[in-house]
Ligand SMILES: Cc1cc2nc3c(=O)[nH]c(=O)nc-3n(C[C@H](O)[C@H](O)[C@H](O)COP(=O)(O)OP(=O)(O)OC[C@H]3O[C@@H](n4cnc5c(N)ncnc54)[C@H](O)[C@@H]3O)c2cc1C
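Given next, in structure tokens, is a single chain: the form predicted alone.
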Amino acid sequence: MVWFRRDLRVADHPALATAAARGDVVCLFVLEPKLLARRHHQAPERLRFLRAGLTALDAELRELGARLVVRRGDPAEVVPRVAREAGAGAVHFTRDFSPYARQRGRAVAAALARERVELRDFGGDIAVEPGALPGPKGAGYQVFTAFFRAWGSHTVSPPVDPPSRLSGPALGSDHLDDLPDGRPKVDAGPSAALALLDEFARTGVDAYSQARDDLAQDATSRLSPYLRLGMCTPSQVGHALGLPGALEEGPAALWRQIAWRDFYRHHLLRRPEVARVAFRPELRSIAWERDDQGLAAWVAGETGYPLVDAGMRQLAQEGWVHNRARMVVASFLVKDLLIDWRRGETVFMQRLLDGDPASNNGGWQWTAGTGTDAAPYFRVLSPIRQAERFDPAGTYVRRYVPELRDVPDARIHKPWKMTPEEQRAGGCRIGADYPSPRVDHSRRRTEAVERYRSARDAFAETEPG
């Protein structure tokens, strides 16, 4: 039996390929009410994408002679029960590194042991397994640069061919009614993932290193939702880019992003507490604002800072947001509104198609200055300077904030500077059609740095010696 989780594909699936080589196969996916009830998984768009991905996986399995069996319940009960129904001697699955996944795996392993059913785990979700990168002291790496040097020395395994044929007993299946129905914001499934990868490798990757931060161009790969649910794999990405062998500048820059993805997974495996608290203990007692109105304005894209608002509106419209904009909106929430980074992390998990426990947490803690390899706490992104650098003509802002469409270029990133005459000419009255800035960036930057410093100093006073 193959227990599918975050690996919704047939090609480059070591667990499936090994099971198929041993004989008959049953392919199982478990809908977990307990998991779906968690706050971070109250994510209608990602769940809609998941549902479409499961449907696409079932279609690919049917072409090979099998089908996807869906059951609802606790995996520690469901997996052994289906194994008994199928007469399975072994259950294969792809390793996952989130705290929940590891806890779930232990519970299933114990239940299968009582049934005397073998449980085997396989790689495939990441490019380099954590065990291959122990770090100088055996506890992994806390700095990405050192991690990347070690990570890059490993050869990426070639993608595993899919089975040519599958056979096995036909078991009853539940429906996917626990998941939202309807068309997802992007096409789902392995075929859609590989088509996007192929297109980007042919037409977009060469310019990636120069254009990836250009908000107007949106020259990113958009592969992250597919990697999130295993509709494609790092191995498939690497070989589409030209590995093994030396990569040109554009492909190398994209491959570096795959390394960041691995880095955060390795870190979450070794330090699972970062899912709940700051990695840096000295920054766990920052005096955050309990500003529900400010949070609501940030979520709605109504802060009065155009680039911040454009990023949050893109997130709402597309279930995805440009990486440069992710950093800007996260910095604004934490360093300008002085709101706990965990509240923003939750919003992202609930809205992102690619919302992932490791990458999302790692990115938020990096921007907040509380995590591994983090930006220093006194580094605060200016939403104005970031906009002027990465969206100089205001193309990205106008795309998502239509109230500012006719504002002159000279005012697009500081619309509150418009004179009454300019507001009339641009059809945008500040405070009516578009909000005034919610906070003063310069003042809040100073206050944020002081709050971080106070937390650090208070921690130092409690440390022995």
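Only a predicted model underlies this, so the values are computations on that prediction, with no experimental measurement involved. Sequential numbering from 1, following the sequence displayed.
What comes next is about the form predicted in complex with the named molecule, which does not appear here.
- For the chain shown alone, residue 356 is a contact residue for the named molecule in the model of the complex, at least one non-hydrogen atom being within 4.5 angstroms.
- In the model of the complex, the named molecule lies within 4.5 Å of some heavy atom of residue 261.
- Remark: residue 191 does not count among the residues lining the named molecule in the model of the complex, judged by a heavy atom distance of 4.5 Å or less.
- Put simply, residue 320 is close to the named molecule in the model of the complex: some heavy atom of it is within 4.5 Å.
- This chain is displayed without the named molecule, yet in the model of the complex the stretch 224 to 232 from 284 to 292, 156 to 164, 224 to 232, 81 to 89 comes within 4.5 Å of it by heavy atoms.
- Only one of 377, 348, 122, 151 lies close to the named molecule in the model of the complex, with a heavy atom inside 4.5 Å, and it is 348.
- None of 382, 94, 98, 220 but one reaches within 4.5 angstroms of the named molecule in the model of the complex through a heavy atom, and that residue is 220.
- Although the named molecule is not shown here, in the model of the complex the stretch 324 to 355 places heavy atoms of 326, 327, 330, 348, 352, 354, 355 within 4.5 Å of it, in sequence order.
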